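Given next, in structure tokens, is a single chain: the form predicted alone.
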């Protein structure tokens, strides 16, 4: 990873020095072990803060819609993008929330992000002093010794089933190994959920969402949730109550999830943000699979694409529009 960080830092220094960008978004080490934070760089001397490792989980494209209007006119923003992040960014361009010329995309091929809970939940004790990673393992060096974890087994579920680890749209690409795009096929966990009876699926939905405390972290972490006024907070009309009653919670999540149809790139930001560990991906990924199956559509692969729900084809299947006998 040192080679990748060096290439990243060199590229950003040159871009700032040549005034090709006026601002860059990447990652820096967090205040706690195994964590990173978004890093906003405007000055060349701050570039050394930038890092790249298996804990760079944030989808940075979530900041663009609110950030760009606040910068001086004509400021071009550089942004470090994993495959899923770049698809979110491209989707914002397709939905006319960004202009392609306003952003410089520094793509980075991604081997998947590590779920910190899978590491810390299996520690034998001790204080983390240092972390090393390679293609096979994540190695935690503790004051009590060393523990090794399988990288493959420690990935987030969204990373295990990632279909585009390398951005399809970029201005500069930093390669971390070779990552060919994988075909979109149903996630085994989601496929198992879809095979259940409708009533059982609804019961699982209720059980998962019963833990929701309506903090809206899922909405705030999602690049697709850029509305200046969310339907959840509208009062004219008021769509539903603001209580933590299960009916209100379910209505909020049903509407938000349906808004992701043809837009969700399965980045997992909503799941990582949830303080109650609600598995929202169980439902959003189901939409991703169904959109691919019904319409052969994947969002965020080209800024020239049309939005799935903005076009109509006579070849579209329609059996889902009528009651099943």
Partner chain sequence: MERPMSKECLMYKEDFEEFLARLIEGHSIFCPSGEDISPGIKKVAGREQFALHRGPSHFSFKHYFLPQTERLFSFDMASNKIDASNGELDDNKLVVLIGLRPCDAMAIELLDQVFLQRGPEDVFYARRRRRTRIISFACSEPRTTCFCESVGCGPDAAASADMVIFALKDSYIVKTITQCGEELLNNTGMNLDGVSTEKLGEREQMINESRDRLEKVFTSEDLNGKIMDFEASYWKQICQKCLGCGICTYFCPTCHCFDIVDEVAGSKGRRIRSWDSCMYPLFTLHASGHNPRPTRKERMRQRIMHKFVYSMEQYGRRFCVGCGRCVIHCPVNLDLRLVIKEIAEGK
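Being a predicted model, the structure only gives us computed values, none of them experimental. Residue numbers count along the first chain shown, from 1.
The form predicted in complex with the partner chain exists for this protein as well; it is not shown, and the discussion that follows is about that form.
Margin query: Contact check in the predicted complex: 37, 70 and 236 versus the partner chain, with a cutoff of 4.5 Å between any heavy atoms. Do all three pass?
Written below: Per the other structure, all of 37, 70 and 236 touch the partner chain.
Next item on the list: Please run the contact check for residue 273 against the partner chain in the predicted complex: heavy atoms, 4.5 angstroms, yes or no?
Entry: Contact check for residue 273: yes, within 4.5 Å of the partner chain in the predicted complex.
Notebook entry, point to check: Within a 4.5 Å heavy atom cut-off, is residue 134 in contact with the partner chain in the predicted complex?
Noted result: The answer is no: residue 134 has no heavy atom within 4.5 Å of the partner chain.
Notebook entry, point to check: Looking at the partner-bound form in the predicted complex, is residue 215 within 4.5 Å of the partner chain by any heavy atom?
Noted result: Residue 215 belongs to the contact set for the partner chain.
Checklist line | Heavy atom of residue 168 within 4.5 Å of the partner chain in the predicted complex | finding: Residue 168: no contact with the partner chain in the predicted complex.
Checklist line | Interface segment, criterion being heavy atoms within 4.5 Å of the partner chain in the predicted complex, picked from 152-160, 101-109, 74-82, 215-223 | finding: Residues of 215-223 come within 4.5 Å of the partner.
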